[in-house]
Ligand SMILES: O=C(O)[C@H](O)[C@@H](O)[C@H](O)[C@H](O)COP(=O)(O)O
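One chain comes next, on its own, written as structure tokens: the form predicted alone.
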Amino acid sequence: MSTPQLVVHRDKELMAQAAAARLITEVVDAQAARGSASVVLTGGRNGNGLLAALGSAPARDAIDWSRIDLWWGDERFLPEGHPDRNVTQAREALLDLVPLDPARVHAMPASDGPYGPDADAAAAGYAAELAAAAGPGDRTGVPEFDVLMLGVGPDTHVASLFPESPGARETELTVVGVHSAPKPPPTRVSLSLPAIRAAREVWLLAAGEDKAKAAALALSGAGEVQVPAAGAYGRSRTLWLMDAAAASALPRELYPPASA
């Protein structure tokens, strides 16, 4: 378990731009070290804001887009192409702008896909895809992602793991079907906390005053079932990327001395 590091930016726009620049560096370094990179994307306003900033960044072409695997932390279990699906929004923000290898874009199944309306079967299918991409000696059942990004909800949820939900309690499965989620749509597919914690680096994105209480709870030592964001951490690094509003409720001893 890595100790969380905090970076606080003046506002959400600067946070998105700085996070995009940071991601470019991480991907380029991973490709130089290992030949390819593996990144887990997140949706929501902060995740999509980062992708849009990446799409407009002059340095985006430093990435070899043909040598990157893209995965998702969660997905709304809706028909293919639905505007509320994270992959649909990601394509609009970035993916359609760069020369990706389609075989390396690992979208979670849609509700009209090969598993039909069965979210649990879709979760098992995505778990099998992750396991197939994992290294031969990796016992986690997922690849060792270079960077896994997560938005933080006002209720402290990450991916589609909501407080006190079965998904937040999962310790064996790497991907879970989510039913009766407290925000629409109620049916989703999500990585579990064990899968999230297989990543080298986990980045939690929090911007806006409505995220302030959630960030303070997650960074105060709360339990992961009650506060799922508290259970999201990387093997080598856990990074909270925040704007000043989201950091406004943090105890002074947690607040980093420098901000951008």
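Throughout, we count residues from 1 along the sequence that is shown. Bear in mind the structure is a predicted one, so any value in this text is a computation, not a measurement.
Form predicted in complex with this ligand: not shown, discussed below.
Note on the partner interface in the model of the complex: the residue among R45, R235, R67, K213 having a heavy atom within 4.5 angstroms of this ligand is R45. When this ligand is considered in the model of the complex, only one residue from V152, A168, V142, A122 comes within 4.5 Å through any heavy atom, namely V152. Of the heavy atoms in N86, some are within 4.5 Å of this ligand in the model of the complex. Among heavy atoms of H179, none comes within 4.5 Å of this ligand in the model of the complex. The closest heavy atom approach of K183 to this ligand in the model of the complex falls within 4.5 Å. Partner contact region in the model of the complex: 152-160, out of 171-179, 134-142, 152-160, 90-98, criterion any non-hydrogen atom within 4.5 Å of this ligand. In sequence order, D74, R76, N86 are the residues of 64-98 having a heavy atom within 4.5 Å of this ligand in the model of the complex; the partner itself is omitted from this view.
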